[in-house]
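Only one chain is shown below, in structure tokens, and it's the form predicted on its own.
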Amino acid sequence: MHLVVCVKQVLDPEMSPRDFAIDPATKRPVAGKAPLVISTFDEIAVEVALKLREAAGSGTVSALSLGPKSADEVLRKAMAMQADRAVRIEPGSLGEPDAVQTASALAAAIRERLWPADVVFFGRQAGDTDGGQVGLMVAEILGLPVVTHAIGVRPGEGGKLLVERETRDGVEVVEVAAPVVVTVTNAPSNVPRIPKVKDVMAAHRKPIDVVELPALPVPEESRQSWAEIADLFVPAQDHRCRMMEGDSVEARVDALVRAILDLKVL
């Protein structure tokens, strides 16, 4: 069984809001001193893939990322968690890719370097854009079925897979034949494992297969940007304090209620 997990490097979502800034020229967040980490739901996807490999008794887990040299760190995080190998797509001069460019590059790399694959895992959405598009696009490009909001996958009968997915009413189990794309969401059953120190050290000694984006068979129209960010800014917060006045508690409460009604909060 070959399981591919696509992971993205993002700014640490736990960073202090005071350290978060946006470059008005590029309309992109400024990295600054904030650490770069693996996207939260992608890390959970790695955990779900590892649990499936354990349940199957054997298999290979490959981590795949599109990003510059710094993205090696999220791939090493996946290998420290016990992924077997890692592939990074070097974007070169691509800049900040949109969802179409990212999905096209990942799909091409999966075809060229990681096929055949039984399951291609994604986090349900990226930790920076919250887009939730790339996994679905890769499924469309590869011509594969997709199961969304999975919380776990286990082997079924006849070589099929049983995917537990979160729904509005609870959890449903979907039986699906491989190959398939699965997007993963969080649940108490799939909390990412904490790598052991020896595994972290071993991950830094493992090689990472690097493929240049121009060498991949990406259609020319998918190499161009399909999205334009019109604006991106940090909302200004307006803090005001107003004291309710009155000769008694009842009068101050009445004044407070009128003020709330005037603000249309209730």
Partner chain sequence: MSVVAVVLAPEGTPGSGVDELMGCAVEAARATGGELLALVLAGTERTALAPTAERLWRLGARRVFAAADPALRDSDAGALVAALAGLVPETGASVAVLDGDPLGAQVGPRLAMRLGAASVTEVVEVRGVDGQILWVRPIYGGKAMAAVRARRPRTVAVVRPRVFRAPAAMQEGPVPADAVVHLSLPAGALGGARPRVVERRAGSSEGQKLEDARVIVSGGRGVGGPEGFEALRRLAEVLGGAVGASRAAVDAGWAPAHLQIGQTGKIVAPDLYVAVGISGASQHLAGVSGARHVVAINKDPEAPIFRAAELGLVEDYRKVLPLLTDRLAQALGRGGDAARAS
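These figures come from a predicted structure and were not determined experimentally. Positions refer to the first chain, counted from 1.
Although it is not shown, the form predicted together with its partner chain is what the next lines describe.
Of the residues Gly159, Gly92, Pro116, Gly170, just one reaches its partner chain in the predicted complex with a heavy atom at 4.5 Å or closer; this is Gly170. None of Ala108, Ala71, Ala80, Val146 but one reaches within 4.5 angstroms of its partner chain in the predicted complex through a heavy atom, and that residue is Val146. Under a 4.5 angstroms non-hydrogen atom cutoff, its partner chain in the predicted complex lacks Val197 among its neighbouring residues. Proximity of Gly131 to its partner chain in the predicted complex falls within the 4.5 Å heavy atom cutoff. Using a 4.5 angstroms limit between non-hydrogen atoms, Gly67 is distant from its partner chain in the predicted complex. The closest non-hydrogen atom of Thr60 lies beyond 4.5 Å of its partner chain in the predicted complex. Of the candidate stretches 108-116, 71-79, 121-129, 84-92, only 121-129 contains residues with a heavy atom within 4.5 Å of its partner chain in the predicted complex. Annotation for 210-232: interface residues with its partner chain in the predicted complex are Glu221, Ser225, Trp226, Ala227, Glu228, Ile229, Ala230, Asp231, Leu232 [heavy atom within 4.5 Å].
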